[in-house]
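A lone chain, given as structure tokens: the form predicted on its own.
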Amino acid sequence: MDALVGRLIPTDDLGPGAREAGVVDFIDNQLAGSFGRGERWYMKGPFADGLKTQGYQGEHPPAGLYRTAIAALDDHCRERFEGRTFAELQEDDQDAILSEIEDEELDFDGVSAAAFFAMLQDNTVEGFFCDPIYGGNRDMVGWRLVGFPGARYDYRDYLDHNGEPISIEPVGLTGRAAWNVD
């Protein structure tokens, strides 16, 4: 998971990436709860290929989709790259595999690689930009990247900035990190 999210939002000149933001922690938290079990989804068959506008149509709840797809991804990589798993590949090879999945040129046995990639991509973005109380966006790196001031009570003082960047520390739902006492 760390290698996957690290390639979707890598650390670069703009700042920290998904690894530093704790995106894997966010996804783990989500998969361990009702989302991961698909509790609010209709999960009975028949399962057919739906339209792209219909979203995920598979038989696995999200946690099962992740488990099955990651195992299939590593199996594919072992066959193709002399026994190495996805995490053991060079970044260029990882990017090539992810591009093949995204372009629907690669599929896995028993699970849709494209459906997995779409969910992984959505969950990675959610984890990078969520409020830190959900386990991602550690140190508010996602919010700092885009200049989002966070969950503030009142924005009126910042409305008339004529498109100029607002340089204030972001605040999460629990306040600033300095305000919280462990």
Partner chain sequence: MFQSTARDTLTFRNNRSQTALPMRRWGSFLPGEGVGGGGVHWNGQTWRFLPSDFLAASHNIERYGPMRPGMTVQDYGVTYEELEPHYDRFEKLCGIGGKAGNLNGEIVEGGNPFEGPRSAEYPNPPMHMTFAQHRFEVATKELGLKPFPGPSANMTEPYVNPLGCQLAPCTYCGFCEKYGCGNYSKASAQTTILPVLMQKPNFTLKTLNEVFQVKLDSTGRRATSVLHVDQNGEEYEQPADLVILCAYQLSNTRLMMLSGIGAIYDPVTGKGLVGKNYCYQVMSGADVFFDDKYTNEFVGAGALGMCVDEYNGDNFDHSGLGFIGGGYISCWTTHNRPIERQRTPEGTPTWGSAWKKAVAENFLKSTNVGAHGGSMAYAGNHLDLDPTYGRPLMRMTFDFTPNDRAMSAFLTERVREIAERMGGREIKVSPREGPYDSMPYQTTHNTGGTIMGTSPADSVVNRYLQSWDVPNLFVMGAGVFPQNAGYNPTGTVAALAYWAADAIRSQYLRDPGPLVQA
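Take the two forms, find the largest set of C-alpha atoms that superpose within 1.5 Å, and that set is the rigid core. Positions refer to the first chain, counted from 1. Note that the coordinates shown come from a computational prediction; the quantities given were computed from them, not determined experimentally.
This next part talks about the form predicted together with the partner chain, which is not shown.
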Inset, instruction - Find out whether any non-hydrogen atom of G147 is located within 4.5 angstroms of the partner chain in the predicted complex, and reply yes or no. - result: yes
Legend entry - Contact label in the predicted complex: L8 to the partner chain, heavy atom within 4.5 Å: yes
Legend entry - Distance check, Q121 to the partner chain in the predicted complex, heavy atom within 4.5 Å: yes
Inset, instruction - With heavy atoms only and a cut-off of 4.5 Å, decide whether P170 touches the partner chain in the predicted complex. - result: no
Inset, instruction - Quick one: name the residues from 143-162 with any non-hydrogen atom within 4.5 angstroms of the partner chain in the predicted complex. - result: W143, L145, V146, G147, F148, P149, G150, A151, R152, Y153, D154, Y155, R156, Y158, L159, D160, H161, N162
Inset, instruction - Could you tell me whether the Cα atom of R40 shifts by at least 2 Å between this form and the one not shown after core superposition? - result: no
Legend entry - Core-aligned CA displacement of V146 at least 2 Å between this form and the one not shown: no
